[in-house]
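Read the single chain below, which is given as structure tokens and is the form predicted on its own.
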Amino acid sequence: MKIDVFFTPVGLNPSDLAGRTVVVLDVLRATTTITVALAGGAKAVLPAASTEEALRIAQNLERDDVLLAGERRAVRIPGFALGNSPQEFASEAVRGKTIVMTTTNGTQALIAAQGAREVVVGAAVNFALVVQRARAALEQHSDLVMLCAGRERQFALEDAFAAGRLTKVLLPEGGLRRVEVNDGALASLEIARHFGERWLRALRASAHGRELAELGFREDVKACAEENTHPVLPLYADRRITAHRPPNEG
């Protein structure tokens, strides 16, 4: 059994992810926001690498059915309908819409993961379902990758904490003696041990969390730290993220 954690997509080769299940983590805020959007009834989220690519994708979709969303340095892109705040993606804003999204970090990580066997969008708000899907991948394939979006191509504490929380829950009885982990997984476990299950403390301690608070997004940080509030599992395939819901959710 093998678990790898990568703290950013920088330097990854397609062979690092090919044939593997990958959980992409950008807790502040893209993977949280995508989960909230799909829970609110959005048809799909289409990640784009740049503002220009987002505009091109949107031009090929029905105008009334598409919303442009995205940020650069945490601020909504001028002319876009939505930014990257989960609070903007209430059901009345997104229901029935296809959202074309580009963000500084999260959409880049998703695009980097697209050669994987399966790409799961993970956050605190859908943590239990991510655990369930990741455990199934380990049972079936004995292999799992957690890909942190990071922050501007560098390490981000909040994503590493999320990876550590997930790794800790997934460790089999016997712990590290029964699973092969890379250094990223070991480091993320130490971060998770430090913060325990306190998502909000970890997110507030991070540089990105502090920056968001200074920019007026303090409530976003709190929303991104709430566990299991949106029971939707977003899966990314063929450049589209769509919702996989538990059987009892329809």
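So that there is no doubt, residue numbering starts at 1 and follows the sequence shown. These numbers were taken from a predicted model, which means no experiment stands behind them.
Here the subject shifts to the form predicted together with a small molecule, a form of this protein not shown in this document.
- Note on contacts: among L46, L212, A39, A185, the single residue with a heavy atom within 4.5 Å of the small molecule in the predicted bound form is L212.
- In summary, among the residues L138, A93, I111, A74, the only one with a non-hydrogen atom within 4.5 Å of the small molecule in the predicted bound form is A74.
- Contact check for A69: no non-hydrogen atom falls within 4.5 Å of the small molecule in the predicted bound form.
- When contacts are judged by a 4.5 Å heavy atom cut-off, N126 does not count as touching the small molecule in the predicted bound form.
- The shortest heavy atom separation between T103 and the small molecule in the predicted bound form is within 4.5 Å.
- Here the chain stands alone, but in the predicted bound form its contact with the small molecule, taken as any heavy atom within 4.5 Å, falls in 27-35 among 27-35, 55-63, 196-204, 177-185.
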